[in-house]
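Let's start with one chain on its own, the form predicted alone, as structure tokens.
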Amino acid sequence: MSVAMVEAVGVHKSYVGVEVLKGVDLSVARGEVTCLIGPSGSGKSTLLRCINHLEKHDKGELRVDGELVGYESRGAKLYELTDKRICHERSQIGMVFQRFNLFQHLTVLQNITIGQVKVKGVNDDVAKTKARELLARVGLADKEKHYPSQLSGGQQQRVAIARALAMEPKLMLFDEPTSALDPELVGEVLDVMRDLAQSGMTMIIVTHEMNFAREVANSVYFLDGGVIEESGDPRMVLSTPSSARLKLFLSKVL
């Protein structure tokens, strides 16, 4: 059997004595789309940040592409990786945030090329060629000389997706990528994500877009209070939930 792209076993995480993740188990196969749903504060974003080691989990095991996240095993002990190796691991995982996180002083083209050049050592001309290909893919071929402040929120988020893709990641993480957008701009971002799903990109998406989850995801996990209350095929989980807590949640968001 092939190794899952993401495997979480008994993952715990606390902040200042408050347990945010309480033993989360999750498995995402290569090429699959998994959506994490649940109320605010349920641990969804924390789990994403642990997967790419922006946060250190306290207990349990996290693996991406068969490798421990942030650590290596020597004998019976775990040792944290050096900052350089952690940066290398993180460069293989694309992350798209709620608030775009673009460099405001750089043009759209520069935002997409900087990681390729500075982190991967790609030639500047090669990086620009890839950036332009990706801008065309997300429908922004005419915006390369614009600055983020000159773009709508939906356009900025599409640039952020293109920037993540420029690093040729094996996994994409999306942390509520449409939550900061005006309703009329949500569709243009979801369309790009649908295209990514159809291309076979492995994705984990924290979202409140239930129709999108039902349509695109291979699996959905409902988190509440730091635990997985229910998971499975999105058409089943979202249409006939067995958990009373999930039924209540869906009654408020649908």
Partner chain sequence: MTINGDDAAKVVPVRHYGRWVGMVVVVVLLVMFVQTLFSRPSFTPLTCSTSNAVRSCQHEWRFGWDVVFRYFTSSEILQGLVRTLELTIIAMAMGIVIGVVIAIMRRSQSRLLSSTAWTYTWFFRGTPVLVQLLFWFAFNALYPAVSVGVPFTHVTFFVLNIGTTITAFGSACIAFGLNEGAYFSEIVRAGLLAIDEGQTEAAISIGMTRGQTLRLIVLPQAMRVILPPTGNEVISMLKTTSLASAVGVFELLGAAGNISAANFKTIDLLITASLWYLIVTTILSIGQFYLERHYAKGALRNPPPTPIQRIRDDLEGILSKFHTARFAGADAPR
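Model, not experiment: these values are computed from the prediction. Positions refer to the first chain, counted from 1.
The following text describes the form predicted in complex with the partner chain, which does not appear among the structures shown.
- Listed stretches are 128-136, 71-79, 148-156, 179-187; the contact stretch with the partner chain in the predicted complex is 148-156, by a heavy atom cutoff of 4.5 Å.
- Although the partner is absent here, Lys143 sits far enough away that none of its heavy atoms falls within 4.5 Å of the partner chain in the predicted complex.
- A residue is said to contact a partner when one of its heavy atoms sits within 4.5 Å of a partner heavy atom; Lys118 meets this definition for the partner chain in the predicted complex.
- Within 4.5 Å of any heavy atom of the partner chain in the predicted complex lies no heavy atom of Val122.
- Proximity of Val108 to the partner chain in the predicted complex falls outside the 4.5 Å heavy atom cutoff.
- For the options Arg49, Arg63, Arg30, His208, the one in contact with the partner chain in the predicted complex, meaning a heavy atom within 4.5 Å, is Arg49.
- Counting a residue when any of its non-hydrogen atoms is within 4.5 Å of the partner chain in the predicted complex, the hits in 151-172 run Arg163, Met167.
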